[in-house]
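In the block that follows, a single chain appears as structure tokens, in the form predicted on its own.
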């Protein structure tokens, strides 16, 4: 019996591991702020019991800080929950606008730490396809990781979903240092397997500094 993990499964495990580590770090940061605020609140309570004056403005600021961190943590957990549920169904109808927003949020700590800004030019209307959400999220993560090596000096990457016949596209722009040779190196066996699993294609345009992901309307149909 072989203990070797197939490349597609290994890529998924690595992706999920990196995202989970990032999310746990962000939650830990929020808890640290809440813990610090709770400590100050305890001090204020003791002061009040001793009849000392309490700074009400400081208390209000403290409450706002704690509420903000709770809301932030809740948003982080919701994103993690969405990622987890993307494994539920290998053929799900999704809106690429929502999926790209999720990926920007999930990758924010990684991109910001490396000094990059990733944003999306979302469509005014839903761009829906039927695909395997987790594989698509994983592929977008890999493309973003590569894109950060070939951006211009501004270090900005724009993601743009769009309808196309008979499916949809996601373009990654701002890649001013993109070359075909580097793109070919990026197209590893793992990437090819993921493209095949999604029935999609990936193209590079050196002149425009852009990578385009071509997705079929339904995962059972090949991309144009």
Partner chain sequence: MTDKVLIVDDEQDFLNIISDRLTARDMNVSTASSAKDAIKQIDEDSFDAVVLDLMMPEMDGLETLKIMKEKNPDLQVILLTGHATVEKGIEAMKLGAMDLIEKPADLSTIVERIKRAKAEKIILVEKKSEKRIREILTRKGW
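Residue numbers count along the first chain shown, from 1. Fair warning: this is a prediction, and the values are worked out from it, not measured in the lab.
In what follows, reference is made to the form predicted in complex with its partner chain, a form of this protein that is not presented.
Student: Which residue, 59, 164, 33, 191, has a heavy atom that falls within 4.5 Å of its partner chain in the predicted complex?
Tutor: Of the listed residues, the single hit is 33.
Student: Does at least one non-hydrogen atom of residue 49 fall within 4.5 angstroms of its partner chain in the predicted complex?
Tutor: No, residue 49 stays farther than 4.5 Å from its partner chain in the predicted complex.
Student: Applying a 4.5 Å heavy atom distance criterion, does residue 152 contact its partner chain in the predicted complex?
Tutor: No - in the predicted complex, heavy atoms of residue 152 and its partner chain never come within 4.5 Å of each other.
Student: Can any non-hydrogen atom of residue 208 be found within 4.5 angstroms of its partner chain in the predicted complex?
Tutor: Taking the distances in the predicted complex, the answer for residue 208 is no, it never comes within 4.5 Å of its partner chain.
Student: Are any of the heavy atoms in residue 156 no more than 4.5 Å from a heavy atom of its partner chain in the predicted complex?
Tutor: Outside the cut-off, so no.
Student: Could you tell me which of 38-46, 192-200, 178-186, 164-172 sits within 4.5 Å of its partner chain in the predicted complex, going by non-hydrogen atoms?
Tutor: That would be stretch 38-46.
Student: Do heavy atoms from each of 78, 97 and 104 fall within 4.5 Å of its partner chain in the predicted complex?
Tutor: So, no: the whole triplet misses its partner chain.
Student: Heavy atoms within 4.5 Å of its partner chain in the predicted complex is the criterion; list the residues of 100-115 that meet it.
Tutor: Counting only heavy atoms within 4.5 Å of its partner chain in the predicted complex, the contacting residues of 100-115 are 109, 112, 113, 115.
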